[in-house]
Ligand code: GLA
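What follows is a single chain, given as structure tokens, in the form predicted on its own.
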């Protein structure tokens, strides 16, 4: 049922956007979505590459209509999803929606089991560009056989739509996701805490070979700006997602974010790494004491490097050229991407002081 790797051009680089769940859960309505879309434009997020405005669980009416179709909650989304999608499109953004592969959504609303083709057509008729398909209430089902039904449903729906697979890594989706959808969750839901971030990042090792253009490993949405971590922890969070070539789906209230949070979410040089057209996902290449080196190859032969400090104190971290597949005598230009500063040309290695629970993000390039 698969398409081979999804070379349909819908996700040549990791999708970027916003999803309502992390900050708002089911406390959503059409006004929030409209204001968020407007704020994405006004804050510079759209210019930075964020495109998708995705409403998660909670948009649905309590039951399907008399014809058997999904409907939006008449009080909170009274203008209808088609109208809301049109308003998002008018801002130059794309619209995303949520459903579930099982008998009910995670919050108990009508889901899509047995109605995949009907619901895909419904979403297409509303002008939807992106669909997150969750995995609650799926007893007796397997992701690797259930999600290809959605692949076929999307193919016949008459509108190109990104398929976001959200079965939490239960059935090793990195093995079958590239033939089925455009991104697939690799683990459980992230929470807005340092401990949760560590747990998620530890689960991403060794998955890079399965991700690439039009099909991406997804460690979950961003928590940047939700208040549970420090600015250094949020920069580390963002840096690691970028070196992993992860989808960048903001999960905060973008209508009221601070300048500091905005600067993290719109940082041009880390985002350029995430969106590098080679699409090569990074991985852990060195671990010493509490410091780690994560790296990925970039188009043109350069490398992006994250020096990541798990320690409760500042630490000196080093990346060695041999960690990157280069010779120790090779010369490399080093640029600090958060500071937007060139550090010079080095041989063998480069070291930096990394703040507690923080990261230093680098781009390395060998002179021609």
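These numbers come from a predicted model, not from an experiment. Numbering follows the first chain given and starts at 1.
The form predicted in complex with the named molecule exists for this protein as well; it is not shown, and the discussion that follows is about that form.
Peer 1: Name the stretch: of 233 to 241, 78 to 86, 162 to 170, 277 to 285, exactly one has residues whose heavy atoms fall within 4.5 Å of the named molecule in the predicted bound form.
Peer 2: So the stretch in question is 162 to 170.
Peer 1: Would you please decide whether residue 130 lies within 4.5 angstroms of the named molecule in the predicted bound form, comparing each non-hydrogen atom pair?
Peer 2: Close contact is absent here: in the predicted bound form, residue 130 is far from the named molecule, nothing within 4.5 Å, heavy atoms only.
Peer 1: At the 4.5 Å heavy atom threshold, is residue 103 in contact with the named molecule in the predicted bound form?
Peer 2: No, residue 103 stays farther than 4.5 Å from the named molecule in the predicted bound form.
Peer 1: Could you tell me if residue 95 has a non-hydrogen atom within 4.5 Å of the named molecule in the predicted bound form?
Peer 2: Answer no; every heavy atom of residue 95 is more than 4.5 Å from the named molecule in the predicted bound form.
Peer 1: Is residue 350 a contact residue for the named molecule in the predicted bound form, using a 4.5 Å heavy atom cut-off?
Peer 2: The answer is no: residue 350 has no heavy atom within 4.5 Å of the named molecule.
Peer 1: Can you pick the one in 183, 265, 245, 221 that has a heavy atom within 4.5 Å of the named molecule in the predicted bound form?
Peer 2: Of the candidates 183, 265, 245, 221, 221 is the one lying within 4.5 Å of the named molecule in the predicted bound form.
Peer 1: Let me know the one among 260, 152, 189, 175 whose heavy atoms come within 4.5 Å of the named molecule in the predicted bound form, would you?
Peer 2: After the contact test, the surviving option is 189.
Peer 1: Across 12 to 44, which residues bring a heavy atom to within 4.5 Å of the named molecule in the predicted bound form?
Peer 2: If the 4.5 Å heavy-atom criterion is applied to the named molecule in the predicted bound form, 12 to 44 yields only 21.
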